Structure formats: C-alpha cells, structure tokens
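Here are two versions of the same chain, shown separately as structure tokens and labelled structure 1 and structure 2.
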Structure 1
C-alpha cells in the first residue's frame, strides 16, 4: 500500500491530450451557497495544476455530504466550481450530470488543459454501493485515473475503487502521496519521543488504530468520550458522561498492558446537561451522578500541554470535548495551541480528522504551524491501524 505510483511518474507525452479522471475530496462545509472552509479544495490545486500544465483534459469527481442518492440543491458542487475557478485562475466548467451522453460530449470537447467538475457523485446511490455498471460508466469518461482523495480511500465506492479497476494507468495524486508518506513513517518508524493524543466520542471507530498507537507511542493522552470509557474501566465515577459500556473490558485490558503510558483527565468541565449549561470544575474525577463531563479541566490542560513539546512526533485525532460550543472548547483549543508551539520547537506534528481540523481553525492555529494536516480522519486511523485502504491498494505500484 505504501510504494504507489504518483501522477508525476507518468511520462509527459502520455498525459498531453489525455482525459484524466481525478477523484478529489471536496466534502467541505457549504451553507447558503457559501464555502466556509476550503482547505481540502486548496490541497488539490498542485495536482490539478500539474495535469493542466501537461496538457491533460481534467475531469474532477467528488462527493459532498450524504444525499443518499437524492438530487439535493443544498449539496450541489456548483459553488465549488466557482471557488476552483478563483484558485486555479482559469475557467472550471461544471457538469450538472455525472454520466450519460451529455457528459461525454462535454469531456470530449474540453481543450487540452481544460478542467471540468462533475456534480455530486452521491446523487447516484450507485456510488456508495460500488455498482459495477455505474463504475464502468464513470471509467468510460477517461483514459487515466488519479486518486487524490485520501479521506475517502478507506471506502470501496464506485469512484474510489470500482472504476479504478477499469484503468491500466491508475496512480496517486500529490495529496494522497503526501498522506502515504507521513502516515507510513508514523506507522513504521515515528521519530521519538512519540506522543499520541486521541479524543472524540467513540473507541469503536478507532480501535484498530489505538491498538497500534498504544504499542508504538511513548505517551497516549486521552480526552472526550474515549477518556470517560477508560475512567469507567478504572472504576472512577463519571456521572452521566458519554461512555461506551461495551468497550470498557477492552479499556481495562489496555490499561493493564499500557497503563504507564496512558494519561487520563484529572479534572473536568461539567454541567447538568447541554441545555442547562451552568458549568463547574470537578477535580479528582468525582463527577456527580446527574452531571455530564463536557471538556477536560484546567489541571488536565496544563498536564497535557507539558507533555506536548520538544522533538519527536506528535499525532492528534479527536477533540477533548464538545468544542463546537464556546463553554466547552477550552481544552481542545489549548491542545491545538500546544501542537503549534511544539511545531516551532522542532516536533513533527500531525493532525487528522475533520473535527480536529475544525478545532485547529477555532483556535486560530495556522496551517504552517502544523507539520502535516491529514485530510482523512477515518482513512488515517485505518491506515495507522494497519488496515488496507481499497482506494490506495487498487493503484499501480511504483516501477
């Protein structure tokens, strides 16, 4: 899965005039036709620019949201075509259709170096079902396949896996190649000391990665709902805090095996409920029965920040609490700023997951203050868990 061919491995004369389908990840927040965060779009520009400069005809395909096979105007990719036009400095055509004669006509009439964006692939239920005929129809649009959507590479969907099977040339874009490089180094040979920060609601979604991360890491800092499952495994009162009861036995085993490297919150920001949000700080982990823990407390912030520094590698996936609300965002904000400071001190810092990226933005941490920002939360975790990613394994090997 690691040694994959990249778009730059294709000779120039094999790109000029060729139709190249690029699976991109433009799953960005859009409200009332306005894009509020375009990081994933900007990341794809080098791959698109490269193909344009080589004279290829570029067809872009992406999903947005979960329309479940319905044509929903609020999930149209049309606003992204406008944004891409600005970013690329050239006209980006938009196709309201995904397959059919009209699309073939538009593709065939693209000039060399032309760019066209297809409508939301998930407007067709066949996309998520990896329908063979749909995949074959998509593949018929192009001569070469490029995967530059790391965030969806763990899904065997029509545009990430099924259609790639129909190409002789199927390679990684620059985004996917960079993700593979960073994730591979973290999986096999991370610079030491290796500090891992894991938050979010559920262990179940991250268990494969957590097993590998706990094995390789020197320190594992836990927050969010995951921390409450581990605290319950230690028989610590967690009140009504979010907890995966079915994962408590696994958490107990992990504590027995890796207890000396696992760090858990020692205080919490609590409230009776999200609606009744009169907050207070609970220390020594004694959360009352009728209260919820919504964020790590100041002592935990200080402790975690002291561990996120220096040389080595630091990987962060998942917020420390309900960061979307300002009353419960301090812990996550502090982690984001500690990550930035660690970068300036020489650490290799990696952030993965949409929520984690949003938290970084909320903390006003700049892209250049983090070594690598992964566009794929689930994909990066599955990669680090040692799982094959269908969208990557299907690509040609280098040489």
Structure 2
C-alpha cells in the first residue's frame, strides 16, 4: 500500500515562514490569453489555502504545453496568476524568471502567507531533461517540496523528480494524496461489488491497468474500439472496425481466464465510414464487411446500465464509441448518466482519462455527481498498471 506523507503531516511550526515549493499541474487550455477550463487550477486551491493559512511562503511551479525549451508567449503562465488571484481571493505574484538572482530576490520578499507563480518550467529545456544543475537551482528556492501534480508524476523531470532529491521534507499535496487514495483503492480494496468499464481506442495504452483491474473486478464491461479486438478474438465479425490484431492473442487469453466476468457489446451503431454516416444503422452482433462499429447499440446500453448499480465501486476509463461525433455519442452519454445515478444511489464512482472526462462533461454530468474524477491520464493508467511513479516514489513515507 502506498503511504506517503501529506502536507498536513508537517507540524504547523515547521511551515510558518518556510519557503514551500509546490509542483502543481496548471496545464490548462489557454487561447489568446483566456483560460477556457480551469478545473486543474481550482483543484489545487485547498493545498495552497492550507499553506497560506499556516504562514508558509508558497512558490508554485508548473509546465504548460510543449514549448520545448523556447519562450513562447502563448504558453506563458501569466494568465493563470490572474485566475489564481481570483480563486484564492489574494494577490498572486508572477515571476517571469524561474532561476537566477531575480527570482531569489522575489522569493525573499514574499510575506508569510504570500503566493508566487513561476513562469512555465518547460521554457527551460533542462526541465524535461531532468538536468541536475537546473534541478538544484529550482530546489535552492525552497525549504520544503510538495508534489500536487499527479498527472506528471510518472515523468522524472527536474520539477517532478530531480529537485525533490535535494529536500529533506518532500510530501504529497491534497490533490496527489486523493489520487493515491482512490487509485490504490481501485487496485487493493474496492468496495464490492466492483464493476470496471473500459473503452477507448487502444488496449496497448492500458494493458497494464486492464490486467490488474480485470483480476480485481467482479464484472468488466468493454466498449469502444478495444471491444472489437475482443470480439475478433471470439471470431465475431467486426467488419472494418478498429482492431489491434497483435493484441488478439492476449484478448483470447483474457477471455479464457476471465470469460464469465467480461461483458462485450451485443449490438452496434455502424457506418460505412466516418465521412458517410447517412448509412449509420444499428446491427446486432455481426457487423457487415464494409462497415465500422462506432458506438455500442441500444441493447448493450441497456445491459450495461443495468449492471451499473447503486452499491459497491464502479470505475470507468475510455469512451464507448467515437463520442466526439454526436451520431456516435449515445453509448458514452448513457454510461456517464448511469454513473451519476449510481453515485446518487450510493455507489463509489471513479472516472479517469482525458477523453472520458470530456465525454462525461458532454453528457452534462456534473463533477459532484461522481465520487472521484482522476485527471491523471497516463499517470493514472501507469499507477493502475502497478508501475512506480517517480514523482510519488521520491516523496517521504508517512511515519
């Protein structure tokens, strides 16, 4: 069981007046200086508030996009400092410099409870290279290190890993702690019955997670692109639907081992091609040669919804179809709404994956209708696959 020290484990008198570097995930969509979606920023408010209240000097660092070591004005974090000022109800300083004497000067001038945001860490190529000197420079800004960026914890970059090595006190923030709690519970001790729903494009992206989840789950509902590889393994005609031929043998094995708990689509919304959807129709099990399966059909939807009940745990990753197009979004929307109803009825519901979360929002399911929304993406899948995440492993254990 992963048991990492949390920011609230640090005694109050060890926080007061101390410089605390918090690695946050402010990788949010920004267009023309406007932030269209600030969920990741809002999530870090509790950690920042906590540190402010304890009189720490808070230095926030994040990446944004992929500037590849260049200073790209469109990827500046400056607009985020303004948004954060609104969210926190207090002034947030912005430092265009990340290392060097200017930023040290700014940090030294922070009051107890003051908050400062550094410019995009990836404006320095050394960030992604986990450059030793750069990591040391970053570390020299603070006395305590906090990781509150779960989504980048699977990367050993300077700010997620290298700099942490220089601290005696390195702990998880509240976002990371909550992710660790929920993700470990998905693997170790989910409330039963445990239903896992997996969809999306590729098995290969999630094979580690799928192996572990299939073993733990009582029921596994498959949909989306990955279902076709399983159907092919069962010799069900799938037409031109996406399929990972090289994964068919693994799917066969999984079906032999877990066959009685695996559920596969029994009908489909199909079209001749993405361009030609006038012909989009529903077919039962067998998909005609020239057709693609783009969504689960109504019988499958009804069956899956009936299995998403109001007790135990339900974990969902991966859309049930090509949900980006409204012709093929019904299956995914239905699953999202069933998840919300299950939460209201008392189940613990967890949703992970970038596309799955946007599908959930498309379906107008509210964040508060899901017990936990994991914004970890790749990091969540690696965690569920049992890999060590460097940004988590490096933190102090709880004592």
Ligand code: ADP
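What we label the rigid core is the largest C-alpha set whose atoms superpose within 1.5 Å from one form to the other. These figures come from a predicted structure and were not determined experimentally. Numbering follows the first chain given and starts at 1.
*Asks:* The form predicted on its own: is that structure 1, or is it structure 2?
*Replies:* Looking at both copies of the chain, structure 1 is the one that matches the description.
*Asks:* Align both forms on the core first, then report whether residue 72 has a C-alpha shift of 2 Å or more between structure 1 and structure 2.
*Replies:* Result for residue 72: yes, a 2 Å-plus shift.
*Asks:* Does residue 143 move its CA by 2 angstroms or more between structure 1 and structure 2 when the core is aligned?
*Replies:* After core superposition, the displacement of the residue 143 C-alpha between structure 1 and structure 2 stays below 2 Å, so no.
*Asks:* For residue 272, what C-alpha shift in Å is seen between structure 1 and structure 2 once the core is overlaid?
*Replies:* For residue 272, the alpha-carbon shift amounts to 2.6 Å.
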